[in-house]
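Next up is one chain by itself, shown in structure tokens, the form predicted on its own.
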């Protein structure tokens, strides 16, 4: 127990950390990370612990859902008659004092008159900033993007449902921006009453800076409070921008707690992001992660055919096949080759043929070796065993399914740079221990089972 004297800052932290250790054992980890890990203890005197919270909304939520827990925790740590005083970060008015010893939370009469940045009086229709050309109809589906595309359509049909937030990641030019717009356009069509907004992280940063300079931060927060489906592109651009991250953190929490949908994109998975606060990364890990991989040959060819058709061009089949086989960097690189090919043909009055295509490809992109991905491995394994890819994604314990799943994990570890966790997540949503076990099982089978060795040789040959 602590007496009524004022304590030094380190002792105040010790009190709050003792409270947190009790609370952490009681509330679920996501709730703890959202509502308690960000609270800052300020001082302790006269049997009152003063803590700082980010907003009035934050204060009200804690009081509504965790008042009794806080009362019991502080009574246990400090003693009877313990009081809790809130200091709201975004407000300049007086502190809020809650008497936990009396058994009821009290709120000063001045509180209702405070301006709450999360209080929205009207639900104004806003410009979504969506590009009508980036629809699902123009997004070519392949094994490289099937999960992300399917989940995106599910979100558009039922925003705020199972996949919230959704985190899409992958290299440049693989279709992340296109997919964001497609989700927004479909959602807008199915739910015309909802406000949808596409914004890049850099534009969000610029808006926030301007709002701060013009003393309009509350208007900025109010605007984002109106959004029902928020689509944020290139979230990695928030790296190192602490003030912007703090503001986005508040918006994220409020929208998520209100059942609003968030979809984010990045050039890498959350665990590889640098320069972002841990509390933000923990939010990103709540929902579905969907990786966009390099498209395989068939998908690249379909993208080319769609592009040629949309632009009203005629390109011979052997040229289409050559480009699809040679340009493996990204969808953007494929589109760039088509533009360059058309330009060369027009400017030099040359026929579009294989010779011209080789010349353009040679000067436009690096011709890469065939890229082996987890998706291509799963496809090759399932083709060999005459299975559908969806079967190895299930928890089926059928012998042939289990063996195919284990071989896919073994080959993914051998031919890709993905971590064990990433391999497990993409092949049946398993953990890294399962992948380790699968690799050991296949290694043992290679030594004693001729059939497994032959199957592996055939699958590996098809990959190269």
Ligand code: ADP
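Every value quoted in this text rests on a predicted model; they were computed, and no experiment measured them. Numbering follows the first chain given and starts at 1.
Just so it is clear, the following notes concern the form predicted in complex with adenosine-5'-diphosphate (ADP), a form of the same protein that is not shown.
> Non-hydrogen atoms within 4.5 angstroms of adenosine-5'-diphosphate (ADP) in the predicted complex: do 134, 171 and 331 all have one?
Yes, all three are in contact.
> Is there a heavy atom of residue 393 lying 4.5 Å or less from a heavy atom of adenosine-5'-diphosphate (ADP) in the predicted complex?
Result no; residue 393 lies far from adenosine-5'-diphosphate (ADP) in the predicted complex.
> Flag residue 335 as yes or no: does it have a non-hydrogen atom within 4.5 angstroms of any non-hydrogen atom of adenosine-5'-diphosphate (ADP) in the predicted complex?
So residue 335 counts as contacting adenosine-5'-diphosphate (ADP).
> Would residue 139 count as touching adenosine-5'-diphosphate (ADP) in the predicted complex under a 4.5 Å heavy atom rule?
Heavy-atom contact with adenosine-5'-diphosphate (ADP) at 4.5 Å: present for residue 139.
> Against adenosine-5'-diphosphate (ADP) in the predicted complex, would residue 145 count as a contact residue? Criterion: heavy atoms within 4.5 Å.
Residue 145 belongs to the contact set for adenosine-5'-diphosphate (ADP).
> The chain here is shown without adenosine-5'-diphosphate (ADP). Which stretch in 348 to 356, 174 to 182, 378 to 386, 207 to 215 comes within 4.5 angstroms of it in the predicted complex, by heavy atom distance?
Of the stretches listed, the one contacting the partner is 174 to 182.
> Though adenosine-5'-diphosphate (ADP) is not shown, can you say which of 84, 166, 303, 360 has a heavy atom within 4.5 Å of it in the predicted complex?
Here the answer is residue option 303.
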